[in-house]
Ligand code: GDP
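Just one chain is shown here, as C-alpha cells, and it is the form predicted on its own.
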C-alpha cells in the first residue's frame, strides 16, 4: 500500500460535477504536477479553485480538496478533484493522473485501505457497500447503524464474555489453591453459553431480515388464469403495467414491478396463470411461474370469490403449501361462491380504494414491518460472514452437549477458543487475503 491510487468516484456521465479521488502517501505531490495551484502549501481539509493542465493546455476548471493523513477515510493523504461532469473532461483528467506515479484503483480499494489502516473494521466496510446500494429508508438506517459500529460492538461484547470464561478456566486449572477466584461450574458455564447463543440467534435472525430490507421481499402473485392477478398488481403499483383482459392466458411471461410499504421494497412478480395447456408459449410461461414460486419469499395465491374451488386451485394450494403465503380471495365485490378456511386468508377486490388494504396489512404483519426497530438493529450482510456466525452457534451447541455428557470443562476450552477466534474473523480482528478479496470485489472502483 505504498503506492498512490486514483479512480472516478461518481457515475461517469453528463452531470454538474464529477469527482476523482486520489489516495496515497504521495497523492498531493503527484496531483500537484497537473494543476496551476501549489497544493503542497495548502492546509488540510481546504478547497482550492484552479485548473487541470496538460503542459500549457487547460483541461478543466476545477475545485480541489486536500485532506492530509491521518484524518481521512483511508488514513492516507487524499485529494479529490471536482471536475465538470462531462465524460471527456473527467476521463482526460484521470488519464493525466495515471501518467504520473499513480495507478488506477481496484474495486473497493479505497475502503480496503481504510480497513487495513485501521480506520474501519470489516462490518463497517460492508456497511459502506450497503449504504451505496440501499433501496429504501429502513435499509439506509440499518446501514448507518453498522457504519457507526453497532454490530461490531455486539460481537466485541461476546468476545469479551468468552475471553472472561477462558480466563476463569485457566485460573481454575493453574491456580486451584486460590480460593478467592470464582470456580466455573458446569451450571454457570451453561448459563453463560445460553446468553451467548441467544445473542447469536438474534444476530442470525437480524441478518435474514436485513437481506429482505436491503434486497426487497420477492413476492410472487400466482393463480389460475383470469382470477385477477394482473389487476391486483396494477392496483398495488397504481399503474397499468400488466395487460388485463377477460381472455384466460393473457399473461404469458413474467411481469415485475416494485412497491414500497413502510420503507420496505416489495418486488412484485405477476406470473402466468398456472393451468394445463397445449399452447407452447403459454406452457413456457407456466413453467417459469413454477420456478418463481420456489425462489420467492412470499406467495400471493389468488382465488376467485365468485367461483367454487377448482382442481387447478387445489393443485396450487398443494404446490405452495410449504412456502410463506397469503391466500388472496379476490373479487370480494361479487357473490360469494368460494368456501375456504385456511390461515392467512384475506378478501380483496380491485374496484374500490380499500380493496387491497387488508392484503397490505397482512404482508406487514407476516414480516413484522411495523416492529422492525432500526435504532438498535445489528446484522451481518456478507453470506460468508453469516456462515461463520452459524458455525459459531453450532460449536456452542456441541459444547453444551459435551457438558451434558460430563466432559470436563477444561476439555472444552479449545472449542471456546475457536469460537472467540471465529468471532474475531467476522469483525476483522484476524483475516486472510482471500476473505478481503471476496469482500471488496463487488465494490465500485471509486469507493
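On a predicted model such as this, the values are computed, not experimentally measured, just so you know. Between two forms, the rigid core is the largest collection of C-alphas that superpose within 1.5 Å. Positions refer to the first chain, counted from 1.
Keep in mind that the form predicted in complex with the named molecule is not shown, yet the notes after this line are about it.
> Within 4.5 Å of the named molecule in the predicted bound form - does that hold for a heavy atom of every one of 224, 334 and 349?
Answer is yes for this spot.
> If contact means any heavy atom within 4.5 Å, which of 199 to 207, 229 to 237, 161 to 169, 318 to 326 contacts the named molecule in the predicted bound form?
It is the stretch 229 to 237.
> Decide whether residue 330 counts as a contact residue for the named molecule in the predicted bound form under a heavy atom distance cut-off of 4.5 Å.
Yes, residue 330 lies within 4.5 Å of the named molecule in the predicted bound form.
> Classify residue 162 as shifted (yes) or not shifted (no) between this form and the one not shown, where shifted means its C-alpha moves by 2 Å or more with the rigid core superposed.
Where the cores coincide, residue 162 shows only a C-alpha shift between this form and the one not shown that is less than 2 Å.
> Once the core is aligned, please say if the CA of residue 81 is shifted by at least 2 angstroms between this form and the one not shown.
Shift of 2 Å or more: no.
> After superposition on the rigid core, does the Cα atom of residue 194 shift by at least 2 Å between this form and the one not shown?
No, shifts by less than 2 Å.
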